[in-house]
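Encoded as structure tokens, the following chain is the form predicted on its own, with no partner shown.
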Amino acid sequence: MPSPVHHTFGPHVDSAYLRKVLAMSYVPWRYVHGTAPLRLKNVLREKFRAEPVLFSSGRESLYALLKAIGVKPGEEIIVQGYTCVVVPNAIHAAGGVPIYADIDPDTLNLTTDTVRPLLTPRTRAVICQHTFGIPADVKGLRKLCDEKGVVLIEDMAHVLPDHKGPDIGFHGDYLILSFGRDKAISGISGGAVMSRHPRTTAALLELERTAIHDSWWNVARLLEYATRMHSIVRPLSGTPLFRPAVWLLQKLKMIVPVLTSDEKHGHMSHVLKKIPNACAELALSSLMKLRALNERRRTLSAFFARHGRAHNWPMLAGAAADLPLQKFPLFVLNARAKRAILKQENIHLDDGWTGCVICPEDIDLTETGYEQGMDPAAERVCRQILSLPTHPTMTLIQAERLARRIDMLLKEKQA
């Protein structure tokens, strides 16, 4: 059985990442407390020319920001229809109301045209998501927000620009960063708010100061994620032992879930946590290699773009070949069936962003405030999307294998 092609089996976990985790295991007293958060802040401050404030996840960072800017009950936050459930959860937890704007099917992002009709006197902020690393129209949104006196928040969970970076991260009043397992950089967990407004920065720093520490045992469980993905999940993928092994790891709580049951049902904890020192250390190490990580993503994105053009793949107009895409999206008929066929060949393209306007598919949609028919383009996209991995541990050999298999699927009658 060939090695798995995947989105989610520890996409950042290579030999260097494992060595870093192993090195930290020799100093377990530094799992929770240490100097890594301060060092991470220093690098982020220099990179983005904004003040960083750290929390234990990107979703907590967004919740803290909405609290810090003083969102009042009933105030509206505009988000795009194709997003993750943690975004409306954070808005609801802060007392706000998510208002869903449709997306441009060529970029998978909201636009000034989809946002403008939704602006009301109750609108407090617009969250601009750079979906899969495809740049949204931040300049246009910045101008629109300035006209209306509305806060612009850039959600940069999927992309961090480097020396060749697109126009991302320099127009928002605030930036939200996530250091999750499959994000632009990975600390396994963790997140940040980048603030450009001193009063809000002061409020955020106070929220950070009063945030609680995660338990030592939970941080240890987070760190074990890397070794379990590398030594158990990947080797067993494609074998009869895969499903029982993953079930057992989850049952024994040996893998920290990406989303809790409460979060899937629309509820977010109001308790803020500090970023663990170990997660900040991993995120900092990943950030210092950002150029190399993005070059790997560019290489894979460029390969898929060239191959796709040569074989008439149904690709996005906005997915330029020089972007460090978090994943490379195609749009096909019977996308779910195609993923099922590929899964039998140890190609796992289920990434949580399929079949649902608010991801993942198994959430309670009624709790998000979204109703079917609100955003037709987003609903069409989520049914037809087939995303190809571009993460740092994906190889060109795997990309070539996947591309050949996509060619065959698109030639079959159901395409």
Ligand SMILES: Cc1ncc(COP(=O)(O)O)c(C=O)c1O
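Numbers for residues come from their place in the sequence shown, where the first is 1. Because the structure is predicted, anything quoted here is derived from the model rather than measured.
Missing here is the form predicted in complex with the ligand; even so, the following discussion is about that form.
Residues with any non-hydrogen atom within 4.5 angstroms of the ligand in the predicted bound form fall in just one of 86-94, 305-313, 219-227, 68-76: 86-94. A single residue from the set W353, Y370, Y31, F48 has any heavy atom within 4.5 angstroms of the ligand in the predicted bound form; that residue is W353.
Only one of A157, V193, V126, L282 lies close to the ligand in the predicted bound form, with a heavy atom inside 4.5 Å, and it is A157. A residue is said to contact a partner when one of its heavy atoms sits within 4.5 Å of a partner heavy atom; R297 fails this definition for the ligand in the predicted bound form, lying far away. Within this chain, S178 lines the site of the ligand in the predicted bound form, having a heavy atom no more than 4.5 Å away.
P389 falls outside the set of residues with a heavy atom inside 4.5 Å of the ligand in the predicted bound form. By the criterion of a heavy atom within 4.5 Å, K183 is counted among the residues contacting the ligand in the predicted bound form. Along 47-75, a non-hydrogen atom within 4.5 Å of the ligand in the predicted bound form is carried by S57, G58, R59, in order along the sequence.
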